[in-house]
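Okay, so here's just one chain, in structure tokens, the form predicted on its own.
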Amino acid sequence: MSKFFSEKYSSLTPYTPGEQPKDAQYIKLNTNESPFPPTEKAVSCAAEAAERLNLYPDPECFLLTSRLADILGVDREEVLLTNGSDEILNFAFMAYCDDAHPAAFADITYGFYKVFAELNRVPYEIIPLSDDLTIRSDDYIGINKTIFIANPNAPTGIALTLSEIERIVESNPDNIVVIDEAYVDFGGESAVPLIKKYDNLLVTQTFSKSRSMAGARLGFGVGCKELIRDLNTVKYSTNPYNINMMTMAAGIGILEDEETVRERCKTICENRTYTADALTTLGFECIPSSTNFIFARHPHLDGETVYLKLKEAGILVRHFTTERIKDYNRITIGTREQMEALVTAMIGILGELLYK
């Protein structure tokens, strides 16, 4: 870093995205993207909007917000669109965390929580997962901190029940509870209906996974009107035009294709079952997943070796070096053909390393 870089960020360790190598063509199963392209309606709406890029986009995202609110069954004033769900998570750290309101999140979860806490210079508590890598809801009951929970969790894929989420929210009435539902469309149960009952609940979601718009960067938060006003204060103090015109239009288009989105989620869940069953037959341990990925390990191979061997075979998965999960790999669910290629590669790797 340069000599001009502020000392307040000198110890900051940034988030590390999944690798995007340019040296070869890979089957990408490492960043939890959808294997499906955006729908034709989303693409055509974005192309039409491209002709108006000389103009600023609507800072209120009025039409997109209204249509999304209708689908979610909430009021327009209870929804805020953001530049990916990462932006609204950062807004939540900015708005609801300080020395008097420290953050709390799991030790094994979305890595950006710790980055956002340190970026915004707020104290935080890391709460360990249980031995079976589940979030213990009892650990969050009445802790009087701003709580961030990914549900289903990443990278494990395990979901809490809605009743467990409600217990946490209800027991912390003086603190915000943020439920990050990036993967909820693949088997989780959304907490969005609870925002009508609790004024301290913020639910975040994304268009990146189930709606095939990772490259467009579109996320949103749902909460009571007062919370959304808080977050709009942060938004309008940073970047009022946070959603570009083409992304906004694509979002409107894909909301008109909800049946297609649901069918694609169903296909991904079917491919997830196929992959988990196949890997289990090969001796892998797969954590039951409610997401578009599988967290798997083999009892006789370390995770890094499997990751590197798959990369040699032209398949990318995500490996983490954290001690508790270093034997696992996170495998995004793609098309059936991609998952068959993964299984075939795994058979070859096991034959080379274990049965030669």
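For clarity, every value in this text was computed on a predicted model and none was experimentally measured. Don't overthink the numbering: it's just position in the shown sequence, from 1.
Omitted here: the form predicted together with a small molecule. The next part is about that form.
Novice: Where, among 95-103, 134-142, 203-211, 231-239, do residues come within 4.5 Å of the small molecule in the model of the complex by heavy atom distance?
Specialist: The contacting stretch here is 203-211.
Novice: Is there a heavy atom of Arg217 no more than 4.5 Å from a heavy atom of the small molecule in the model of the complex?
Specialist: Output for Arg217 is yes: heavy atoms within 4.5 Å of the small molecule.
Novice: Within a 4.5 Å heavy atom cut-off, is Gly253 in contact with the small molecule in the model of the complex?
Specialist: Flag for Gly253 set to no.
Novice: Within a 4.5 Å heavy atom cut-off, is Asp86 in contact with the small molecule in the model of the complex?
Specialist: The answer is yes: Asp86 has a heavy atom within 4.5 Å of the small molecule.
Novice: Would you check, heavy atoms only and a 4.5 Å threshold, whether Val222 touches the small molecule in the model of the complex?
Specialist: The answer is no: Val222 has no heavy atom within 4.5 Å of the small molecule.
Novice: Counting non-hydrogen atoms within 4.5 angstroms of the small molecule in the model of the complex, say which of Ala182, Ile268, Ile168, Leu80 makes the cut.
Specialist: Only one listed residue qualifies here, and that residue is Ala182.
Novice: Considering non-hydrogen atoms and a 4.5 Å limit, which listed residue (Phe284, Tyr198, Tyr110, Tyr124) is close to the small molecule in the model of the complex?
Specialist: Selected residue: Tyr110.
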